[in-house]
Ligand code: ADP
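Single chain ahead, by itself, as structure tokens, in the form predicted alone.
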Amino acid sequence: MLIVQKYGGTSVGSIERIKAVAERVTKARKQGNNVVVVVSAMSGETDKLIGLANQISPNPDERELDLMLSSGERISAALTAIAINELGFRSMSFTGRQVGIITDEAHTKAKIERITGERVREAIDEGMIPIIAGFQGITETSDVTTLGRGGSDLTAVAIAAAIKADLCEIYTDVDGVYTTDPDIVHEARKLDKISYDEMLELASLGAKVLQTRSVEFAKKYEVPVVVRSSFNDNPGTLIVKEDEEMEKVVVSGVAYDKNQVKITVIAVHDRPGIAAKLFNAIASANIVVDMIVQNVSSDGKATDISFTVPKTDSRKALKITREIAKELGAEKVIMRDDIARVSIVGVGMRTHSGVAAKMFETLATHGINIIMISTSEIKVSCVIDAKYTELAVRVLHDAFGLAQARNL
């Protein structure tokens, strides 16, 4: 088999852990597999580098930030290659540039446009174990870019797609994908298998197991992905194309995200083009908007528009919104950062009714007020006061019987 293995920051968090990774990689090689490895920076390294930059500037230039941040993964890659060579195998480390990961120019959250992957294939043909620095690429004009938080997941899946790997293994500090956060619900159950769509929703809704864009890439190119722990040999969670068995399960998981803010434009004129002007400006700044709610004006003159964005983009989004609101003659703009989003996800929702009603009833029974609601075919999300997050997760996990692997 041709396997791509990705190791996260905790998996390469020390020299001892890097040596353990080298042992695991060479074990797979001894079993007759060709292995390509993608590594993250050592745990804490990226935050340390960002901290250094923030000591100089509260808003460092993003091009310079990317060049600096890319160094963390390069260090991990070189150390892992050295450790594998010490075990008697031939290994070589590569940067994103060296393996031909070409991205757009959106610094700090670039999107992969293509991968040449020639040097990876050449290294495999020469009997090497390639070690690739994750999280990074280059633009057409050779500027270094990074792929956003969790970007090494995207690197691994994209490399797997480019070289047509049989499997992409994502090694992390958890055993797999759980029905919810085990730190909140001790009865949370590890899922043996989950669909791309369910994983995509869980990742986008706050589950920190995989980066959202890596799941999108896996789905697009049908790359089988396994999430498992680098600290033991337990079987992980397989992420694959949806099948009939998955549809029988109404709700697969409960996700939450406290890293959201709600921005509201108060009393803006209710006329065509207002929302387009606001959200075009926000999109132009590469800010992803999640939920949007517009109140219907009773007099046809003024309305309120509320939307949520990640906390990391809150200052930028607030600044843009205030500028646009001033142009539009809105009364004011307010922001709340004491909110959280709680969501239920499951492909079985497509064929079962009453799921949303059960979620709303469960929250109401426990005195949890819903601020905003968003739905899709396979998910229902509610914005609530952040102080009720853990309670909401526990009661929803219980209401849908997720610990017992049966729903409704």
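Note that residue numbering follows the sequence shown and begins at 1. Remember, it's a predicted structure, so these values are computed and weren't measured experimentally.
Missing here is the form predicted in complex with this ligand; even so, the following discussion is about that form.
Note on contacts: among F94, F307, Y196, Y178, the single residue with a heavy atom within 4.5 Å of this ligand in the predicted bound form is Y178. Interface residue among L79, I115, I124, V174 relative to this ligand in the predicted bound form, by the heavy atom within 4.5 Å criterion: V174.
Per the 4.5 Å heavy atom criterion, this ligand in the predicted bound form is contacted by stretch 180 to 188, the sole one of 331 to 339, 276 to 284, 180 to 188, 107 to 115. Across the proposed site, N259, K262 and I368 without exception lack any heavy atom within 4.5 Å of this ligand in the predicted bound form. The closest heavy atom approach of A317 to this ligand in the predicted bound form falls outside 4.5 Å.
With a 4.5 Å cutoff on heavy atoms, H269 does not count as touching this ligand in the predicted bound form; it lies far away.
Taking the partner from elsewhere, K220 is found to have every heavy atom lying beyond 4.5 Å of this ligand in the predicted bound form. In the predicted bound form, A83 stays away from this ligand, with no heavy atom inside 4.5 Å. Contacts to this ligand in the predicted bound form (heavy atom within 4.5 Å) from stretch 206 to 221: A207, K208, V209.
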